[in-house]
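First, one chain by itself: the form predicted on its own, in structure tokens.
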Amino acid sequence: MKVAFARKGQVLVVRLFGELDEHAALGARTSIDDRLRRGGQHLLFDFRKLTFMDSTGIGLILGRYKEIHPVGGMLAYFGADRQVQRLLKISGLLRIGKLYATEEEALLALKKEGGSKG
């Protein structure tokens, strides 16, 4: 699995490539947490290139939410295929973060709802 990042104002965009499973989760978690410590209040997960996610991926997202929520951070997702959308819904992750069709739509919503700059 590969993880890439982009910073858009107060939003840290996390781009996931490949399979998010138990093997990949530790490295992804470490990378995301490191970037969050450098700044960023909100998290936006890009699922366009994600080919697989299991319960470990759910735990990864939930854990990052627990890091940003106490400081007013918001969580959003975009680019999820049907399988990932179903997983987000069943797991309850759509109750703590919203799913958008595009990155631009998600960034506008986070800026509006979260008061982020940029």
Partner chain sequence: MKNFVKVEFPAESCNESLSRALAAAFVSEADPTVSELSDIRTAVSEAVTNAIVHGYGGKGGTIYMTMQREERKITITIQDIGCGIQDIEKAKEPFFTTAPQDERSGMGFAVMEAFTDAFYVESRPGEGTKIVLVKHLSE
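Residue numbers count along the first chain shown, from 1. Note that the structure is a prediction, hence the values are computed from the model and not measured.
There is another form of the same protein, the form predicted in complex with the partner chain; it is not shown, and what comes next is about it.
At the 4.5 Å threshold, heavy atoms of Asp54 reach the partner chain in the model of the complex. In the model of the complex, the partner chain lies within 4.5 Å of some heavy atom of Arg29. Mapping the unseen interface onto this chain, Gln41 falls outside it, with no heavy atom inside 4.5 Å of the partner chain in the model of the complex. The partner chain in the model of the complex comes within 4.5 Å of no heavy atom belonging to Gly72. Taking a 4.5 Å heavy atom cutoff to the partner chain in the model of the complex, the contacting residues in 90 to 113 are Ile90, Ser91.
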